[in-house]
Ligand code: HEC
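Just the one chain here, the form predicted alone, laid out as structure tokens.
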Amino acid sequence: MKKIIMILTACLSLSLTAAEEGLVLPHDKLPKLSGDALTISMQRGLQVYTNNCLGCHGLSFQRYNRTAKDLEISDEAMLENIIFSDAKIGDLMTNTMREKSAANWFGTAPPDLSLIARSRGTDWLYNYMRAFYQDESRPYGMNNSVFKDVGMPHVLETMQGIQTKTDKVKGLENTIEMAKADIAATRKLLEEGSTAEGLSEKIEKAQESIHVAEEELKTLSAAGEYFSLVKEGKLSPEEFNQSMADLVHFLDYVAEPIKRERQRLGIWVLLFILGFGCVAYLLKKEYWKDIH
């Protein structure tokens, strides 16, 4: 038992370390929905996807009719409002973009997004969609704080507008970069065999400075003060956040269409196991009541 506890503790420590190393900024959680509210959100997300994403990013494992059935959309409404090409209701949700041409335009061909919610996670996607900011050093004048130097242009600019990092965020990022430079320089001295005093303490102090700055960045993100608008889009920040949540809920559905049914059945399976366990325990007591 003690060994099992030690293994679980080690696994938990590794998970926490990985989460810290993979810090995403902004650092917001995808709003959780269920039932009819989730279905409606996924319907809106489907519309956002087909209007803005499907031209470059296909969903090669998903069919229009399966999507319509799962999201409670009639085939007629799907054909009239979602399918803008000559595709049929039973076709896969793909596009006609040529891979070589796309690679020339963007540096790499846009990936298929059928499984992106499973590979990246919904929180990562939610933050990524909202993390484009002005950066004149990039070819399209935009960068992304979640995926640095990403090749994807800001295709949702008309909806969101153009934003830039606030002065507080820039100052904290400079603090982090300076602390990382101090750590690298100090470690190099240690590797070279330097015996100067206070080197280990200097590294610890720099690491603490990074931790404090990252916590402040999380606080700014939660308060909606990570970015500031330079140019307004068609949607308010709140409306854009809602649209991105809808889009991510849709991508989460595409990544595992059976997920909601699996979770529904899972509850009944667990209840059955619980009930059967009680019956089995009572039966065991009855069999062994006369045996000491």
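These figures come from a predicted structure and were not determined experimentally. We number the residues from 1 along the sequence you see.
Although it is not shown, the form predicted together with the ligand is what the next lines describe.
Enquirer: Decide whether T108 counts as a contact residue for the ligand in the model of the complex under a heavy atom distance cut-off of 4.5 Å.
Expert: Yes, T108 sits close enough to the ligand in the model of the complex that at least one of its heavy atoms falls within 4.5 Å.
Enquirer: Should G161 be classed as touching the ligand in the model of the complex when contacts are defined as heavy atoms within 4.5 Å?
Expert: No, G161 sits far enough from the ligand in the model of the complex that none of its heavy atoms falls within 4.5 Å.
Enquirer: Answer yes if any heavy atom of A68 is within 4.5 Å of a heavy atom of the ligand in the model of the complex; otherwise answer no.
Expert: Answer no; every heavy atom of A68 is more than 4.5 Å from the ligand in the model of the complex.
Enquirer: Please determine whether K202 contacts the ligand in the model of the complex, using a 4.5 Å cut-off between heavy atoms.
Expert: K202 lies outside the contact set for the ligand.
Enquirer: Only one of 115-123, 172-180, 217-225, 75-83 gets a heavy atom within 4.5 Å of the ligand in the model of the complex; which is it?
Expert: Stretch with heavy atoms near the partner: 115-123.
Enquirer: Of L235, C56, L33, I40, which one comes within 4.5 Å of the ligand in the model of the complex, counting heavy atoms only?
Expert: Answer to the contact question: C56.
Enquirer: Could you work out which of L92, L190, V155, A184 is the residue within 4.5 angstroms of the ligand in the model of the complex, going by heavy atoms?
Expert: Of the listed residues, the single hit is V155.
Enquirer: Could you tell me if all three of N127, Y133 and A245 have a heavy atom no more than 4.5 Å from the ligand in the model of the complex?
Expert: No, because N127, Y133 and A245 lack any heavy atom that approaches the ligand to within 4.5 Å in the model of the complex.
Enquirer: Determine the residues of 163-189 with a heavy atom within 4.5 Å of the ligand in the model of the complex and present them in sequence order; the list may be empty.
Expert: The stretch 163-189, when checked against the ligand in the model of the complex, contributes no residue at the 4.5 Å heavy-atom cut-off.
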